[in-house]
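One chain comes next, on its own, written as structure tokens: the form predicted alone.
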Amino acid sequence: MTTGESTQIRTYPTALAFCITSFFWMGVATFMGLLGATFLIAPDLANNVSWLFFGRVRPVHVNMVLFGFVTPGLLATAFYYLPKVLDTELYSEKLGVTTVLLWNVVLVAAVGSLLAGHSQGREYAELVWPVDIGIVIVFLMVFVNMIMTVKHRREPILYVSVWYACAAVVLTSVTFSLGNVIWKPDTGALTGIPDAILLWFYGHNIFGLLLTPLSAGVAYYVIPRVVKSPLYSHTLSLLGFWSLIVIYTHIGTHHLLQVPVPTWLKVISIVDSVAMVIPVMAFLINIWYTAKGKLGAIHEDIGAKFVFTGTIMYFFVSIQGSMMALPVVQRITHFNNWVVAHAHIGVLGFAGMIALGGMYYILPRVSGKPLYSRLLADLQYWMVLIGMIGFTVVLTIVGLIQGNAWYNGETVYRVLPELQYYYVTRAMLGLLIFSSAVIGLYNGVRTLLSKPGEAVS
């Protein structure tokens, strides 16, 4: 890497706190996903418990995956590598730890309010106004800490991971505020088509301008470090960064091709969805050529193993996403479980894998203790990978059954019996993923409670 990293010993309480947060909330998020999957095969399971209705459990699952598991996991690694590549101390570890504490308070409030039935009823924007404000505040606190660290750096070159991390945080603060219409506390929404356009501008950018750049930043740091090679191309990394910012911003409307939004906006969303091949391949070529001929080193490091697998999942989810934006494809794939399969590849397979890899890479380094069990980490890797691939296959089949039936005029209730066996399989896979989260939490806690070992550089 073209950065001068100091060899002085540092402590990383903010990174460690975000690690603990992510491991814990992964368990909560995956349990809620398992519970939701169970309701699809046994709808009356919690018939008399209002706070466990599917309509309340599902948004808890989605929001905890986004803001409880994946984002804190990626931020944990970011708060580790920023001081390293900038050759300085984090601006304020006290601010960082305070941010993590407030982050967890917001997450508890989010779970409590959603289970109590307080929701704005908008996809990915269900949280009520006070929780929305809390999320914006913690993102601004993260950004202040990051940008002030950049300001006080001793390394003049800004490595690409820094670009990705800072952009993700500031852009998400903006898009979250817009998508959740925080200037209207009473409704948290506009009316009609303008609200749908604004919602999906946010809904897609929570992936493209938060999870994607944070994941890319982690991969750009971990992979070159593990293979002990310089990044294949710094220029290519900047091409990927700027093309992602420019292209991804406009693609959310491809969720609205069936509704009366302006045609020019639909055309832009389709064209830019296809054009996503530019930032995706710029990133993947850069990472894969950096690791070329050194897959053995990646296999030996459990963190890098997770991260590299996440980059492979990014290829599949991005190619699929570009295809799904085409109207001729959407006739079959939209409004059904195909989209759910696509989301699981992106969030769990790409961003989730990289988040877990980043945490496993930094955990011994921020705690000063060796990883408690490489065997358990490998077990978690295979459980997540098998579960995610299983989700993809099962939900894709279900989506094709639903899409073709509805395309040919079949009513919904007549299709449901065909889906039961697939939903049972989905719940079993959900149990696998939840079990992997428990294993990861146990491995992380036992690592922190173990005796100090040799320092890991």
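Keep in mind it's a predicted model, so treat the numbers as computed, not measured. Numbers follow the displayed sequence, beginning with 1.
There is another form of the same protein, the form predicted together with a small molecule; it is not shown, and what comes next is about it.
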Candidate from V162, A189, L90, V347 lying within 4.5 Å of the small molecule in the predicted bound form - any heavy atom: V347
The small molecule: the contacting residue among F143, F176, F207, F308 in the predicted bound form [heavy atom, 4.5 Å]: F207
T212, Y248 and A325 all contacting the small molecule in the predicted bound form, non-hydrogen atom within 4.5 Å: yes
4.5 angstroms heavy atom contact with the small molecule in the predicted bound form for M276: yes
Heavy atom of E123 within 4.5 Å of the small molecule in the predicted bound form: yes
Close approach of V85 to the small molecule in the predicted bound form, 4.5 Å, heavy atom: no
Residue contact check: F79 to the small molecule in the predicted bound form, 4.5 Å heavy atom: no
Candidate stretches 177-185, 336-344, 100-108, 295-303 - the one whose heavy atoms come within 4.5 Å of the small molecule in the predicted bound form: 336-344
